[in-house]
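This document opens with one chain alone, in structure tokens, the form predicted alone.
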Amino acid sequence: MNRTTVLGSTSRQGWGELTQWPLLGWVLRWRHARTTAQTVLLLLAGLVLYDGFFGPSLAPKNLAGTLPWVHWRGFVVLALLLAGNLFCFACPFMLPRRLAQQLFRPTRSWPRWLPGKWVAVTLLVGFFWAYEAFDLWASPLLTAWVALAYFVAAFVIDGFFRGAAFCKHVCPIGQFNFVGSLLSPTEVRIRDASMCQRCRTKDCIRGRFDANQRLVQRGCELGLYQPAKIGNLDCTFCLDCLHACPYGNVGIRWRLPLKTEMDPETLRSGIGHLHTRPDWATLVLVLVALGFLNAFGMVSPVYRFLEWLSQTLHISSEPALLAIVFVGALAALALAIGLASQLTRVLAPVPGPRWVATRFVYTLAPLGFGMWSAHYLFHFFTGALTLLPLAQQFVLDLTGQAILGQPAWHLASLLPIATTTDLVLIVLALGYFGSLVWTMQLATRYRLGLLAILPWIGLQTGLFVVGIWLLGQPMEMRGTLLG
């Protein structure tokens, strides 16, 4: 069996196989495609850092004050919803990480006392608390420091630990993308299972070596063995497995979102069983809660609520008040999940509330990502056109000449506000629908009646109503001179 034969046999898969498309397929199969994309984003990140440190202090007129908080977040959720985990594929933080691996040749394993996603979960909560407490969105300088810290962290961690420790255990953005990619319409997966059974070298996981046992192509550094890989969780879309497979048996396929993700008891390569992973369950809980909390921090009622909380608790420190709000929101969602689990235990013959919670908590992920997407897309569509005046202002500041013309600060919204509002409500509704479908799928899987899953449908419906209310409130137009 040779690579040419296999590729010839798979070319008949047509448009369902992205690596077989005429132009896109060539790009995806090109070994340096990822490095090229990362280099482009690294150059863009360099411009953001430069403007953040040396540019205007007014956020809407600074690349660091707008690109990360308006354009980048919008493109991330659009990519996840329409294509896949493209940001991890093109992540600029991986270039210094790769340099660190080449310089230090790390051999240490990630410490067992920091397993799974716990570090990333902690960083997620801390980051979004700091985002609100210190108004990161309004400070180009602080934004630049955060981005620089990210580059340093990737360099240090992967220069000290082998594998992809930063991506798998630390990176908060990566964890957001992993959970969001549950709803992505593409998946990296094998074409022919029998071919993997006959394979003896397992290059997709081990990497490919030359005759002198020198590594010429990495395998999957996140430990996702392709024949046992399920869905998109922990997949950075790096395509190392695709390039390492000597038989061309790995591709990128279109799929129905969530179709392969719904059973928490399926053994997943590199992850295990989701129902035995409290870190993954907590990650989903935290992302769902933060999705609603982050939107709440940008609507006008939050100021009245914080004022009431300040007077009630006699606390004037805004960071302290926000810490209380964050802890309260996380505790409230955890309590709601516990109550729904207990009610399901009462209404159906299941082992116990913990059994229910460790399986049904994942059904909240589509709704949570729907809230994130609706929120981020609102800011993106109301501020997308600011990219032109930002570029004009940057060139003007850098050269002292209006080479691209005078900044056209009147440009902001890509769509009318009414159209944007309707669109983001549709996105939220699709997330809600995904959560309902997942819940009903688990009910069928465990032979539970409608009555037994009503607590979860009620929880999802309650969150959906809260999301509609949040999106209907006046929201700060961050990233534009209008807000």
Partner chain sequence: MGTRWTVLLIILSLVSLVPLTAACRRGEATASVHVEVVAIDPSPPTVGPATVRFRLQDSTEGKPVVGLGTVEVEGTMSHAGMEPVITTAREEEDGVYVTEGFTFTMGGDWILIVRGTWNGQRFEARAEIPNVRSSAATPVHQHGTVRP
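Bear in mind the structure is a predicted one, so any value in this text is a computation, not a measurement. Residue numbers count along the first chain shown, from 1.
Below: the form predicted in complex with the partner chain, not depicted.
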**Stretch in contact, per heavy atom within 4.5 angstroms of the partner chain in the predicted bound form, of 292-300, 213-221, 193-201, 249-257** = 292-300
**Prompt:** With the cut-off set at 4.5 Å between non-hydrogen atoms, does A412 touch the partner chain in the predicted bound form?
**Reply:** yes
**Prompt:** Using heavy atoms and a 4.5 Å limit, would one call F128 a contact residue for the partner chain in the predicted bound form?
**Reply:** no
**Prompt:** Is Q342 a contact residue for the partner chain in the predicted bound form, using a 4.5 Å heavy atom cut-off?
**Reply:** no
**Asked** Should A59 be classed as touching the partner chain in the predicted bound form when contacts are defined as heavy atoms within 4.5 Å?
**Response** yes
**The single option of S373, T143, T363, T386 touching the partner chain in the predicted bound form, heavy atom within 4.5 Å** = T386
**Message:** Using a 4.5 Å heavy atom cut-off, which residue among T276, Q401, S317, S109 comes into contact with the partner chain in the predicted bound form?
**Reply:** S317
**Triple contact flag V70, A138 and Q393 to the partner chain in the predicted bound form, non-hydrogen atom at 4.5 angstroms** = yes
**Message:** Residue by residue through 284-311, which ones have a non-hydrogen atom no more than 4.5 angstroms from the partner chain in the predicted bound form?
**Reply:** M298, S300, Y303, R304, L306, E307, S310, Q311
